[in-house]
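Heads up, the chain below is alone and in the form predicted alone; it's given as structure tokens.
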């Protein structure tokens, strides 16, 4: 699946054409000059440190004063903004938990700065607070997004997403500010509509005062991590609900797709065989799991097994999709693969992925496999870079 959005490379070429014109600066030249300025700022931003944090309990959102990157993932929602010396990201867990309505319960929630809203005689506890409640009751949180797309089984799922976004950003200081958000690639064997998912989110973002644009999640990984390779390579975002893959050539997303399998599948599968809620498995996995060390118990054995399955299915899908495509360009040298997303973060994942590549045949030669510098924030950072290169409507 390709996109017709002007690529970064095309914008740079437009700049070079403008530089050859020694005449007066006409309107088109001004536009090219503006593109150059935005590109230079975006590429400078790529070199900045990312400072990440969780949204604090009871914390109010700020009104952005510049372009915004937004990652609406199955597991987390992350906002990225460009500060003077660094990129600032703020994240909240994309999960919720419901309890019955009562005045006593409301007083306790308010007193403890728990993030919640009221709907249909229920309190919807949202974000990291939901995970705490689920662990307390030894059960699972509920998700507003399932396998990377809006969950049709949860009627209030969109309301949860809207509440989380509004807890992270307010209406922009300048009406119409660019906000770029990540969207999945079309699932090759799955269900759900990316078009519907994208359109619904765009309508909400527009309603709160931003100009929304979208970027494929895998392409966001490329923009964030592969500047030194002229934005040529394979970006893979391995999240909670799916794996997104993008083959990019000189910043043009030649091929994008997804498989609806990720960290949630690993958590629920491992949890079901050892009798532990998936929410608890997730907490243990994120705190303790190493794919280098030998499994020490039934749970870590199960996690190793299902991680191996995920890697094998992801790589087989790459072999299948890339080999079947007639859009692959003639690339003269090997290209890198960059991995990102929370599910790619356990120690040893990258090495395991690289070794397993020997079992598949790809139509492009791979030079290296590496983990993104900041795997959890890569998509949001890439979306911010795209937002910074866009023209704000007058």
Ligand SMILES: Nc1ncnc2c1ncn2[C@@H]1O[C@H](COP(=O)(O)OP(=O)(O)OP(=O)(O)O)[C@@H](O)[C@H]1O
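Numbering follows the first chain given and starts at 1. For clarity, every value in this text was computed on a predicted model and none was experimentally measured.
The form predicted in complex with this ligand is left out here; the points below concern that form.
Screening 227-235, 207-215, 103-111, 256-264 for residues having heavy atoms within 4.5 Å of this ligand in the model of the complex returns a single hit, 256-264. In the model of the complex, none of the heavy atoms of residue 67 sits within 4.5 Å of a heavy atom of this ligand. Residue contact with this ligand in the model of the complex: residue 345 places a heavy atom within 4.5 Å of it. In the model of the complex, this ligand stays beyond 4.5 Å of every heavy atom belonging to residue 90. Of the heavy atoms in residue 115, none are within 4.5 Å of this ligand in the model of the complex.
Scanning 198, 286, 309, 319 against this ligand in the model of the complex with a 4.5 Å heavy atom cut-off leaves one residue, 286. For the partner-free chain shown, 71, 73, 74, 75, 76 of 54-90 come within 4.5 angstroms of this ligand in the model of the complex, judged by any non-hydrogen atom.
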